[in-house]
Every structure is written in structure tokens, then in C-alpha cells.
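Next up is one chain by itself, shown in C-alpha cells, the form predicted alone.
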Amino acid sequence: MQITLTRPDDWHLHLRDGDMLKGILPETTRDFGRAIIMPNLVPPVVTGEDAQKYRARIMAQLPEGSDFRPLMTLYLTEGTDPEDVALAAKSGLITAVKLYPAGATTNSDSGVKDIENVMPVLEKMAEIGLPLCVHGEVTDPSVDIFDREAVFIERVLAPLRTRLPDLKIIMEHVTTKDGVDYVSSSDNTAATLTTHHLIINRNHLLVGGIKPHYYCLPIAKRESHRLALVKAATSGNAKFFLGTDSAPHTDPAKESACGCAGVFSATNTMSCLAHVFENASALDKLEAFTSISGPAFYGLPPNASKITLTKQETPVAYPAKIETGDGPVTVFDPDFPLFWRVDQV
């Protein structure tokens, strides 16, 4: 069995920097034409100048002959200058701005504590048509970690959507049926879905011992929520598209008393997704999810090149780890064999 797709894009990707960037970048450029690059470095990518310098570092590490295009973002802070954002967008340097609630995830301490303090930036973005990527969780310690997405929708996202109806919003890495339902019913709003959230639920993380390489934020939820994500991904609904949130950490950082949040899935994402979509009898919807709907929402053309997925009789051999100058990074294990391999066209 074989299917040919427009080359996919990754609408939510962590590349890190330095030796980690150098080690893991080829894992994305092999299959993907473009990716939205997350700005939560240390220090974060806050200004247009920061984004320009980070993009240059990425381009310097591209494998020879690669035409991969990093789509840069700015990290929204309560000190972000609306005019700097507008200038960076006008020049084509950035594709979106990222909102992290302060303390919600890795390197988010510089994020937003009170959305009122960033309204001038959001109003400018709505005016110029620049999309906002949102990490959709509250950080209120009184809210259970499994409820943080639903509460964010109620307290922050829905009021923002009403206040700025022209602002294009991408609710990233949706993990709940609540998120799926909200995005489905909201204008000018889309969602990215990750590879790992389509495959794992919270049992993978907690049953039989704590599995640190399945620990991510937003945390994996109940099986009923995972099934809602699969239904959305395989529906063909253009509001839902791929953002892997592939997030590398070295094994010592993951396998520690306070393990880092993040799943690294860049290496085998397309094989994993082919498995998920085949099981849902929806292989004909895979191209829309990975290659068409994302560019359409961002106002970009699909990639001109193609990839082919071929189902073979024996499992595809993927490396268990990627060696980097910072240390080994474990590749996402879907907990089942993968039979779909990616062939370049």
C-alpha cells in the first residue's frame, strides 16, 4: 500500500539552540517543508532582532541541500512593543506570536500573567492579520492539572475571542474534548493536534510506573479525550491540523526527580500518523491534516514537493535515541510497531 502526499508542515516545533539544535534539526527537515518555531529559548525570542538572529542560527545548521523553511515567532511578554511586532510581521520575518501563560510549561516564566497587559499587542495583531498561537492552560494552583485547558477556555480564550473577533487564534496542542468542541464552534479559530496526544492517554504515563518520556504539558488526558482528538484529526475539518510540539530534552533531564516536560516525535511522526489514520479508515484525510489545512489557515500556499508513504511487511527501524552534542534524546515510542515508511519524491 502506498500514498503520496503534499510535503507536510509542522505548525508547532521546538528546535532549542546550540548543540541541541544542530543534533535534532535534521529529524524535522527530512520530512517537513516548514515549521512554526517556538520562541521559548533562554532568554526567549522577544523582539524582531531576536527572531532574526535565531533564524540565522537555524539556517546555518540546515543539512546540505535542504530547502526547509523555519517560520519564526515572537514570545509575547507584558513588555512586548506592538510596533516591533508589526514591523517584524511586515518584513516577513515572523509568522505568528506565541502566548505562554507565565509558568505554564518549559521556559515560560517570562510569559503573560494578566492578558489585559498585552491587549495593545493583540489589538495590533488583529489589525494587521498576524496569528496568535496560544498555550491554552491556566496556571492557577487551585485548578487541577487535568482541568487547566477547559478552565483556560472559559476564563481567558472565550472572552478574548469575543473581545477581538478579528484576531486569528491557534489553540495549540489541544488535549481535551472541551478544546475540540470550542474550536469547532468558534470563528477565526483553529487548533493544532500533536502526534503523541493522538496516541497516548494518561495511563501510558502513570500505569506500571512513571514513564518520564510520556510526560508533556499539556499533560495527556483520559482515553475519552484522546478519542475526541482522533475524531477531529481524521474528520477532514480544516480547523484541525498537525503541530507536533516535538520538544527535545536530554535523557538525564527527562529521567530525573523533576523531569522536563516534552515528547520528541519529529523522527517518526509521519509513520505514527499513517498508523492512526489507517486505523480510523481515514488515510484519505491524512494530507489535509498534515499538509493542506495548516497553510490555509496561515494564508500560505501548500508545499510544492511531495512525499510518499509506503506500508511494508516488517516494522520500520527507527532509532531509539538521537545523539546530540548536549546528550541523547529519546524518540517517542508509540507503544506499537510502525509499518509505514517515508520515501522522498
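Residue numbers run from 1 along the displayed sequence. All figures in this text were calculated on a predicted structure; none of them were measured in a lab.
Although it is not shown, the form predicted together with a small molecule is what the next lines describe.
Residue heavy atoms within 4.5 Å of the small molecule in the model of the complex occur in exactly one stretch of 98-106, 159-167, 122-130, 233-241, and that stretch is 98-106. Site residues H135, H173 and C216 are all in contact with the small molecule in the model of the complex, judged by any heavy atom within 4.5 Å. Interface residue among S293, T28, N40, N303 relative to the small molecule in the model of the complex, by the heavy atom within 4.5 Å criterion: N40. Between the small molecule and the residues A191, L273, L76, A247, the one pair within 4.5 Å by heavy atoms in the model of the complex involves A247.
Contact check for A261: a non-hydrogen atom falls within 4.5 Å of the small molecule in the model of the complex.
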